[in-house]
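The chain below stands alone and is given in structure tokens; this is the form predicted alone.
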Amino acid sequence: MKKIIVTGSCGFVGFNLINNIDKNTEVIGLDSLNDAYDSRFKELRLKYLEKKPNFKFHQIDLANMDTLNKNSHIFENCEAVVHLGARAGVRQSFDDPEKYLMDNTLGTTNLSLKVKEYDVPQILIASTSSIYGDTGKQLAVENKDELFNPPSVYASTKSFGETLAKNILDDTSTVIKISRFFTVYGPFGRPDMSILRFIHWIASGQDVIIYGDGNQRRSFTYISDIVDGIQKLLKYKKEGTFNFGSNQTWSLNEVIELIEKHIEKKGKIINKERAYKDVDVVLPSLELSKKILNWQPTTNIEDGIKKTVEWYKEYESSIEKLNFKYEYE
């Protein structure tokens, strides 16, 4: 049986990816279950993953090399590592940069050293659109538009992680691939990101807080499209960096209107001061993803929000008491 390791297995993307992996593939899930957002979301996801017969879970902090060394056996005969484990969030990264440096940079460094030690054939590292900053009317192009001085602590730690992994695995047989995600949303999403937070606030009759006028735009990308991109990248045999995002943008105000439509309820909108270093527009170039991987998003925003609202209604009783705090990617 083929074996892969997925870090961040109880996170939003990791959970959805594992749920779509062939049952004939053994999946080793690694996650620290940290408190970057309400950890009960991760525990809920883990509860479902543990029902899968081909899934085995290890609670491991990648920044702790001693713990990784004690569990080195998991890397034996591993065909691929999908590194989704990270501490996400732009605003919080300014409040606690040490945690972001440990989880994103040191964690990626330690993992890369293990991949090198066990000669794992490939590693896929999930990165972020945040390293491009505000793209304005331009498209963010891989290997061209990365900022020399990334616009946040979060973006910096992710960028450093990419660079260190490439240096550690240089001149080895391991193929390293980078995927840059653009504002992912959907079922079992992160409670600190806008769409799920807005759905919860509108459905529960709470104030819908927007930091700014709501005209800031994002390349909202539905989770199934991201999973499809990861699976295609795993099959690709060469190194490369690829954007996975929507080729359209929507404002927060437009998203709220769609949520109101599908919940059939108006939100109580409250506008507050714009968040620190919040960007106006982030839009990816998808030229490489389309040309090389034959990938492009297929879920439009209306269908994606409808599916997410339907999921929320089904699981509302399980998550209504959980913490939906503020943060934008």
Ligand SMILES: NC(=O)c1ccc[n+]([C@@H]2O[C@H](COP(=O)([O-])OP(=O)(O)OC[C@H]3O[C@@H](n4cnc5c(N)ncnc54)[C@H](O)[C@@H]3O)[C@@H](O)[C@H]2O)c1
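Nothing here was measured: the structure is a model prediction, and the numbers come from that model. The first residue of the shown sequence is 1; numbering continues from there.
The protein also exists as the form predicted together with the named molecule; that form is not presented, and the subsequent description refers to it.
Put simply, residue 85 is close to the named molecule in the model of the complex: some heavy atom of it is within 4.5 Å. Within 4.5 Å of any heavy atom of the named molecule in the model of the complex lies no heavy atom of residue 286. Contact between residue 154 and the named molecule in the model of the complex is found at the 4.5 Å heavy atom cutoff.
The named molecule is not drawn, but in the model of the complex it has a heavy atom within 4.5 Å of residue 158. Annotated contact segment (heavy atom within 4.5 Å of the named molecule in the model of the complex): 42-50, selected among 287-295, 265-273, 42-50, 300-308. No residue of the trio 74, 78 and 122 has any heavy atom within 4.5 Å of the named molecule in the model of the complex. Between the options 103, 225, 142, 162, the residue in contact with the named molecule in the model of the complex by a heavy atom within 4.5 angstroms is 103. Though the named molecule is absent from this view, in the model of the complex it lies within 4.5 Å of a heavy atom of just one residue from 211, 201, 181, 250, which is 181. With contact defined as any non-hydrogen atom lying within 4.5 angstroms of the named molecule in the model of the complex, the contacting residues in 42-74 are 42, 45, 60, 61, 62, 63, given in sequence order.
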